[in-house]
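A lone chain, given as structure tokens: the form predicted on its own.
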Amino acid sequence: MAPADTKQTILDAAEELLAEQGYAATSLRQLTARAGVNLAAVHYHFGGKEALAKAVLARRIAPINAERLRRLAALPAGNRDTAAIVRAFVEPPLRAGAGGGASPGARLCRVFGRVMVEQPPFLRAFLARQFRGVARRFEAALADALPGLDRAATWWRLHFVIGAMAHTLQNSEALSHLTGGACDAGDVDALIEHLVAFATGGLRAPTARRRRRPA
């Protein structure tokens, strides 16, 4: 097996195991058995379990973030269309998740869901490195589109958009069952339109006044 093929085989096996049983429960012995490689190959390509888990996540996250930035850069200069900015942010992961359980986005959702619940020690710093630059670019675009919001409000609202998007990625099938098919998780075009409309409305909402504490 060529080195590149070995690396992909290890990543695929690790992705399956992490989705099935999480980070803590996945051992390198299980991994080598699933991938059909020896331990030396894992150490050669990744150095260890933590680096391998990061590589599993990064190979799915990186193309989504690249597509987000490509779409944002394609918007007209000085663009103040909040919905277009939101669409550039939420559509790439939703499109990646389309196509059923075999799609890269669907696999990322399963792994990401497991790892986020488990919260291994490396996760927070890793996610900050993966998403900080992208989030800052979109926050800056939203700040231009929504000049009435202060910086903290813009960040909070972007945070809420991310939460709605993540929930949609993880739980759309459950909603389809709950509504008897009225909400069709397989209709990705409609799903995106609903999420963009919802998120845009939230971003444009008047700034809430702080309640005064009783004296």
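Residue positions are given as counts along the sequence shown, with the first one as 1. Take the two forms, superpose them, and find the largest set of C-alpha atoms that agree within 1.5 Å; that set is the rigid core. Keep in mind it's a predicted model, so treat the numbers as computed, not measured.
The next section is about a form of this same protein that is not shown, the form predicted together with a further copy of the same chain.
Only one of the listed residues (Ala51, Leu28, Leu175, Leu146) places a non-hydrogen atom within 4.5 angstroms of a further copy of the same chain in the predicted bound form, and that residue is Leu175. Site residues Ala4, Leu17 and Val56 are none of them in contact with a further copy of the same chain in the predicted bound form, judged by any heavy atom within 4.5 Å. Contact annotation: Cys183 falls within 4.5 Å of a further copy of the same chain in the predicted bound form, judged by heavy atom distances.
a further copy of the same chain in the predicted bound form comes within 4.5 Å of a heavy atom belonging to Val117. Using a 4.5 Å cutoff between non-hydrogen atoms, Ala62 does not count as a contact of a further copy of the same chain in the predicted bound form. In the predicted bound form, a further copy of the same chain stays beyond 4.5 Å of every heavy atom belonging to Glu67. Residues from 147-161 that approach a further copy of the same chain in the predicted bound form with a non-hydrogen atom closer than or equal to 4.5 Å are Ala152, Ala153, Trp155, Trp156, Arg157, His159, Phe160, Val161, in the order they occur in the chain. Superposed on the core, the two forms barely differ at Ile85: its CA moves less than 2 Å between this form and the one not shown.
Once the rigid core is overlaid between this form and the one not shown, Val117 counts among the residues whose Cα shifts by 2 Å or more. With the core superposed, Val196 shows a C-alpha displacement below 2 Å between this form and the one not shown.
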